[in-house]
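For reference, the chain that follows is the form predicted on its own, supplied as structure tokens.
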Amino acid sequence: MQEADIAIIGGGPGGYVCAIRAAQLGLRTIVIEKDRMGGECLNYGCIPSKALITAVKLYDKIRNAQKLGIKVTGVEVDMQIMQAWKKNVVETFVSGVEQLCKGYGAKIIKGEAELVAKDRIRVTNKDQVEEISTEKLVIATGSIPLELPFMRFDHRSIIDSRDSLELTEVPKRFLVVGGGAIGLEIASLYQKLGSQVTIVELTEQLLPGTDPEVVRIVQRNLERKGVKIYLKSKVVYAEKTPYSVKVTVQTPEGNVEVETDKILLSIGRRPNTDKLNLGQLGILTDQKGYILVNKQMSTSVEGVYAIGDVTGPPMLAHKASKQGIVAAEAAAGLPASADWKVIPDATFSEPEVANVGMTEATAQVKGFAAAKARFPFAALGRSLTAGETEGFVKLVYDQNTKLLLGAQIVGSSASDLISEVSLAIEMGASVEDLAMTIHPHPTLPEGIMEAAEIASGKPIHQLRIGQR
């Protein structure tokens, strides 16, 4: 029997951050991970996908560099070498996480965890079983991908996002079922590599919940590059053949037959809590199985906390990490609370999409005198010099107070730009505050300043309405 002040089940971006913070606070800390430290994000999601996306984006830039006066011949992709490079990136990160945990005194135990009681965990690793007695418990077991009843993962022709990042050959035909963030990132990746890509999305737009004006830029770009997109559609039948999979797609115009080499099922995820005996321990969940928590990340059972994907959307690594810090500090008796105003998100599609706070529509619903200010990348010096002029910055604000409420960015480096607006909202900034902040020239963040100047009624690089 091992004893701990706090035990964390799951070593992902929520769990390992929680473990580090708990150990920093002097708690005897154990983190239990059945696979690899860093969890789904580091090993099979965020990091490997961005490594491949970065490599393939460079390949695409080189192929299209002729317009800049750079002629290149014979450029090609070696998927074996690219996968090895990606693996090295991941291994470096995993090693760093393990060293940090151990360096701060958090003990790592490998194995699958089962909750025997709120203060006792059974860990099984192959034929070895051990138990841990703990004062406080944090559940950080993440989520797993959903399947369709008639289309289960075989991890060969019907694959999940993890499988899609391990391919050593580029499929000639690639079908993506689900047009959310993961689906679009992988679709963009394989389109650049030469796959004939088809996307099937159940709702009326890609990236459901995202500002439609933003989504139109992404959809137009994909279609221009040959991607076939079916909206308000669903796969209703799938049949495997020795060399392909034949599916029937139900669309508003009727059924369509699609033959493909690989199918990426990316229709959502569910909480990974099947083996935790939540009901027996009295840990309350909602109708979808997500664990209910308060602002201290406490569950309905005293001394038990939950963080990350198991607490529900948005399923984001950075949200899980912040929740992990709150849980560790609350468990240590500090007055910690999840008091952030907004959580930004980013999709590494082509072009990138990033959001934070409210859209104009949600701001109106919440009673604000909502307005928007939009500045195109095509009017930015840095975008023009980089040859990446697609997209825009949109700021949402209250017309009466000029308080900044949200932002939507689509275009090059949108994932990097969104943090400035996130900070501004957290600080209670107005659009005038952003407009008056000097930004270096020529840079992409100037787009945020320019949009803020428009919102303030003082545009410089855009004519006022009526003066066009």
Partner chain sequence: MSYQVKLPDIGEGIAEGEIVKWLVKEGDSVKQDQPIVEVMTDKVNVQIPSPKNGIIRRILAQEGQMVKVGQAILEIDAEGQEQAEMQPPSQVTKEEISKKEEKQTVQENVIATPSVRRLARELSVDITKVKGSGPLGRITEQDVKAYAQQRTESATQMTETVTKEKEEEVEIYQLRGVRRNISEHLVKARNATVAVTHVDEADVTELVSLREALKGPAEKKGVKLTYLPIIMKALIPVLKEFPFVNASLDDEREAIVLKKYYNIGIATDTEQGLIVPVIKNVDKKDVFQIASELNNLAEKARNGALTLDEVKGSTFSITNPGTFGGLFATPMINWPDVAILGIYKISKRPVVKDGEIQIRDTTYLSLTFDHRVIDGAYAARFMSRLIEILQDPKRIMSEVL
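Positions refer to the first chain, counted from 1. Please read all numbers here as calculations on a predicted model, not as lab measurements.
Below: the form predicted in complex with the partner chain, not depicted.
For the partner chain in the predicted complex, the listed stretch (396-404, 25-33, 53-61, 66-74) containing residues with heavy atoms inside 4.5 Å is 396-404. For the chain shown alone, Phe368 is a contact residue for the partner chain in the predicted complex, at least one non-hydrogen atom being within 4.5 angstroms. Put simply, Gln83 is far from the partner chain in the predicted complex: not one heavy atom of it is within 4.5 Å.
Proximity of Val97 to the partner chain in the predicted complex: non-hydrogen atoms within 4.5 Å are absent; the residue sits far from the partner.
For Ile121, no non-hydrogen atom is located within 4.5 Å of the partner chain in the predicted complex, even though that partner is not displayed.
Out of the listed residues Gly226, Pro212, Gly103, Pro313, Pro313 is the one that sits within 4.5 Å of the partner chain in the predicted complex by at least one heavy atom. The partner is absent here, but in the predicted complex a heavy atom of Leu292, alone among Ala379, Leu292, Ala117, Val129, sits within 4.5 Å of the partner chain. Proximity of Glu91, Val258 and Ala317 to the partner chain in the predicted complex is absent: no residue of the three has a non-hydrogen atom within 4.5 angstroms. In the predicted complex, the partner chain lies within 4.5 angstroms of at least one heavy atom of each of the following residues of 428-453: Gly428, Ala429, Asp433, in sequence order.
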